[in-house]
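What follows is one chain in structure tokens, specifically the form predicted on its own.
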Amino acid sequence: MSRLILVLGDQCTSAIAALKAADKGSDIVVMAEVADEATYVPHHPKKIAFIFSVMRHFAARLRDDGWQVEYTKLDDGDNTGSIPGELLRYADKHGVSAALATEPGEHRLIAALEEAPLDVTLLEDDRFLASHAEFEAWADGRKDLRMEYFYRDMRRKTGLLMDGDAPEGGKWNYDAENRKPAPDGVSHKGPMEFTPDETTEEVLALVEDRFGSNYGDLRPFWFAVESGQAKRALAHWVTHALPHFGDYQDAMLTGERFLYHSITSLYIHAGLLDPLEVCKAAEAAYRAGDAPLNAVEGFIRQIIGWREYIRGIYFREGPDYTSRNVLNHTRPLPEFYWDAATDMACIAETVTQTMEEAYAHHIQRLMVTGNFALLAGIDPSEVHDWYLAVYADAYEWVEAPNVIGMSQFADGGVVASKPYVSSGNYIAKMSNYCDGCAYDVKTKLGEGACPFNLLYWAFLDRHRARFSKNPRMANMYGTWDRMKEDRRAQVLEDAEAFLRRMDQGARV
């Protein structure tokens, strides 16, 4: 008996669980571009175009491979506007009562499928190395769920960068070697770019028409949209950028938006690249002597360590995770997150890049826009919605723990052992953003003082009861306490004045 086989926009691989369990001779694949998924946050136009183009190319590939595919375009007249609605429409059309789907990466869509008046069987997404049960078994009984120990188990499981039972080179983690400040120049010209074909151009025209007023630039559009293109982009990066990736993975440089980063998360999350094949390509470069261990280990850790860990946290913590706000931060997200109209050069540079590329690397997200939001007391749900909207690689399973947990500490320490806050000194050390900024990173008080400096101390003072006993923050509070009382009072006054101007809509 025929079944419907649902394939979502971030599941465009033949290795997805629902397709592996399907019968090509009788089952019907359903893929749909729907308003619910395109508008639940105001997605960046590049993100929408990427997902729709990937979907259309994958649907064509499935048809060529002999599958029967029902595909709904966004502008189809009969489009119901939702994934459950499209399943029900095609169930009625084909006289089918059952559907098979791979578990979505967002709780809201899981709930929608479970509540649909149709027999929908959800299969776990086995593109990940750690199943839900495996992550739960690892987490069970642990007081602190720290990624480093989970990562070591993933290294043992995969055998990546292992020398027998020991880590390659004698250490599990080479992060200490991966914190060089921004170089004077970058030899890598950036990720491989692809010219849109006829299918992608059709999508771009649709997105321009329907989402032209959304935040961000649609063109130029250069992303890979097929697995073959993504594999070429990976090989290009391994050859030309991986050797320097480790050294400068935390660096930020004006005019160099990609430095030596791979941009592979975009393709892995959508199904164009398999995470293990990506790691093996990096490992092969190390084994061949073409890339140093610190670079390869740092990259592999991001995928089999951090990516897998974050996914485990999302499903373990449950649907209420995105509403957590243990610090009680309630300030609205400033408008300059949407238009880059700020005199803070680091924020303006990162937001402008995000607008134009739908991309910023992890330090820009964590230590610039995320750091400011945390220091300023922005509502974490608004911060979460912004990150989910503006980045082409953002899906809730990966974005929420990174923002609610890692960036905003709104989960109270499930992900991070301390809040990731810093003064302007960190940004000055790791970037050239402070050169020519309207604010002086060396000025701590009064006119021209860097807002990050003021807000850093104000944050510590505001949350002293929660963090002063944290051993990783003892030095920070010791420094604050050694300041003269009148200086501390001036810092808090200046910080409050800055936030007041920002709240009133003044340019800051």
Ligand code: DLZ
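We number the residues from 1 along the sequence you see. If you're wondering where the values come from, they're calculated on a predicted model, not measured in any experiment.
Only in words, not in the display: the form predicted together with this ligand, which the text now covers.
Out of 357, 393, 411, 106, which one falls within 4.5 Å of this ligand in the model of the complex, going by heavy atoms?
So the residue touching this ligand in the model of the complex, by this definition, is 106.
So if I measure heavy atom distances to this ligand in the model of the complex, which of the stretches 56-64, 472-480, 39-47, 455-463 falls within 4.5 Å?
Single hit among the candidates: 39-47.
Hey, in the model of the complex, does residue 34 get a heavy atom within 4.5 angstroms of this ligand?
Residue-level check for residue 34: yes, a contact with this ligand.
With heavy atoms only and a cut-off of 4.5 Å, decide whether residue 101 touches this ligand in the model of the complex.
Taking the distances in the model of the complex, the answer for residue 101 is no, it never comes within 4.5 Å of this ligand.
If you check in the model of the complex, is residue 28 within 4.5 Å of this ligand, heavy atoms only?
Judged by the heavy-atom cut-off of 4.5 Å, residue 28 is well away from this ligand in the model of the complex.
Are any of the heavy atoms in residue 374 no more than 4.5 Å from a heavy atom of this ligand in the model of the complex?
No, residue 374 is distant from the partner.
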